[in-house]
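Okay, so here's just one chain, in structure tokens, the form predicted alone.
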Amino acid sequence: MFDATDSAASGSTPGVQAPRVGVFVCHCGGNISDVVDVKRVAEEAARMPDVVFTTTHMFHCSDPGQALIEQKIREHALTRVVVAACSPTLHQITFRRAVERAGLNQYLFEHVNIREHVSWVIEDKEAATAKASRLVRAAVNRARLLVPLDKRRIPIHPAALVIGGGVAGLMAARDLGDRGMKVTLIENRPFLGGRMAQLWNVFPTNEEARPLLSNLVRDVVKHPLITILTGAHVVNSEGVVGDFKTKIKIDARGVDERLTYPGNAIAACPEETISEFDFALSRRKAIYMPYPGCFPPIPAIDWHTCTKCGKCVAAVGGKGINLDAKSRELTLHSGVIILATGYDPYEPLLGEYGYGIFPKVITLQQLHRMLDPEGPTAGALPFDSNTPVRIGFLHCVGARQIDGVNAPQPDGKVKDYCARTCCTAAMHAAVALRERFPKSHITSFYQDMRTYGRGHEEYYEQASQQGVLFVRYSPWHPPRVDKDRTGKWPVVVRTNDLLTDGLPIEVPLDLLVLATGVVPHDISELVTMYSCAVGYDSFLLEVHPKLRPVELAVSGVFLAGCCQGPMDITEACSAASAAASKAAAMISQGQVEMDPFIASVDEEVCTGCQTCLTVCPYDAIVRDEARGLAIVSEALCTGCGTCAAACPSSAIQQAGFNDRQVRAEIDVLLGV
């Protein structure tokens, strides 16, 4: 520890007490101190004006490290605190709370990142130490000018909006309702259930998927605090946390509860189209129900396919069907929003591993629909159980692709992330096929077997014990699927088996199942609407994977399920419950606290040029026509600083980042 000599601030205002700055430099367990001489950084900071105490610690984010900060604030009557550690994304809130516990305003704290910005990107110890020292000294110069700030407190409307009616959205809605919160659940399709409704059974319990889903749907439907809107699309959303106003467009269903014989209407309809529910394995009518027991338990009309011929109306005596029904709009008021928009199975390109060219090349999703007793084939496969059929599973289709090796996708992106559930799902299906076709020969072509969940490895072991043959291929040389030259087999897979030192093999098959990955559902409009952060894989990005795993950077908007990455049903439900818990906690407080880093306008300097109005991305600035001045809405301002940077007359200042504070930091960085 280094007790610096008390000194008056250089250029400080006469009669104003000089700040007392404490500097705490973290070793980060060697992440920083192995490259940066943290002791020297602390010593050089001690020579700065107004610095009265400096020290280092192995882990400042730990409980002892935080206790040390609190202790020294009290011992040395510190009025400003600088911590040099890892990214503020990780522990800025941690240190702010420690400062506040010591009785100091939490916004009299300055965080310096000398891990990601220094030790992790610079190998030369001398250069790293010099950069770290300059960053810390710049932070000290800025900290001397910090002023106490108070958080904004905004009343919160006691209701939640859940967008998405799959298993994650249903779980989030139920959990919120059980906590006494009013919930509106909207689903853009005509029926609830999402992707889980298309499954035959689930791992690792082997329970039938649809009864489990039906129990959850029943709980949500019967809940007195939950309102369900199907065929509903978000048109626009305004406001901030605590006060969201979302405009919803509800498609006309064309059918109501008066319809007593839906089967007659469906049978009478002459128009057909491909069934998206069965992944194009069957066709459905223009008026349809995707599966028995769906909710709502009445058909919907596909207006893109319907010709309004009226035959369905005639078949039911004109009751319950309205071919002239119109869509409607309404506005929902909510304090929080949960995004549970789900995923889409990856659709292989035409010709990718023979898909779309060879009829006996199908996806794993299609296999699930074929195995479903209520599916398009009533659970039957085109094989005799006594016939020794040959079935192959090809893993990582549309996942873990290598740029320049695998085919580029229509969106120009290579799906290089792991879809996580495919390996277990493929092994789960392989075991089921072996049980149904005991004489079958099953081959699994894989890069790496990733059965990561609890109980998932057992499927791999069971498949191995049942005689499933495993062939490991290189991602740099993926398998080729061709037509069998002899004409005896529908397809043949050619690859090099890494398990036998790259021996080239040729496997003829009766059926090839592509274990495809997953891609995020297209919610580009919502991404723009809520300013969502999007990861490199196009899934929504949480604030922090450990500290804030279900929160978006936009306060009051939470994530549930596969919109933030590939998950199995258990994980999606856990994430949904976590999002519901966070949302309920926020609503129950009656108000929400927000950082005070908002812009303000100096009316004496403002010229009314309206530059700020054109650059504000949140429409938080309006013009006072009577006075010709700009006015900032504190509720809408997020503190991005765009207006302050653009204002030509410097009339706009941002709390916590005013011109004087920023220039003080820049002066040290530039060596002025």
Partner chain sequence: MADIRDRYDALVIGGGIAGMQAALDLGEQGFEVLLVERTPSIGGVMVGLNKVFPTLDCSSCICTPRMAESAHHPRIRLQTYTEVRRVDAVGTGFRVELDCKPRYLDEEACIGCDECELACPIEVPHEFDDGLGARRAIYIPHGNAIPQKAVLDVEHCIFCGKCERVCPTNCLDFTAQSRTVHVDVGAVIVATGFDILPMGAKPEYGGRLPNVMSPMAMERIQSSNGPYGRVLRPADGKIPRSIAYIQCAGSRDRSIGVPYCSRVCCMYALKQALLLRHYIHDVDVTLYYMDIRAFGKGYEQFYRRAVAEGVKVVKGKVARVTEAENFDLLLRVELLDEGGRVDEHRYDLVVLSQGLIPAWHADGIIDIEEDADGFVHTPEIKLNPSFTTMPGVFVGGVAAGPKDIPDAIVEAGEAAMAAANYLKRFRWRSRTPAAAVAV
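Since we're looking at a predicted model, the values are computed, not measured. Numbering follows the first chain given and starts at 1.
Another form, the form predicted together with the partner chain, is not on view; read the next lines as being about it.
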item	value
Check all three, T451, S577 and A584, heavy atom within 4.5 Å of the partner chain in the predicted bound form	yes
Partner-proximal stretch of 341-349, 241-249, 543-551, 296-304 relative to the partner chain in the predicted bound form, 4.5 angstroms, heavy atom	543-551
The partner chain: the contacting residue among R390, R420, R253, R189 in the predicted bound form [heavy atom, 4.5 Å]	R420
Sole residue of F437, Y353, F277, Y446 within 4.5 Å of the partner chain in the predicted bound form, by heavy atom	Y446
Contact of T638 with the partner chain in the predicted bound form (heavy atom, 4.5 Å)	no
The partner chain contact at E207 in the predicted bound form, heavy atom, 4.5 Å	yes
Interface membership of H233, the partner chain in the predicted bound form, 4.5 Å heavy atom rule	no
Distance check, Q466 to the partner chain in the predicted bound form, heavy atom within 4.5 Å	no
Contact set, 169-185 vs the partner chain in the predicted bound form - heavy atom within 4.5 angstroms	M171, R174, D175, D178, R179, G180, M181
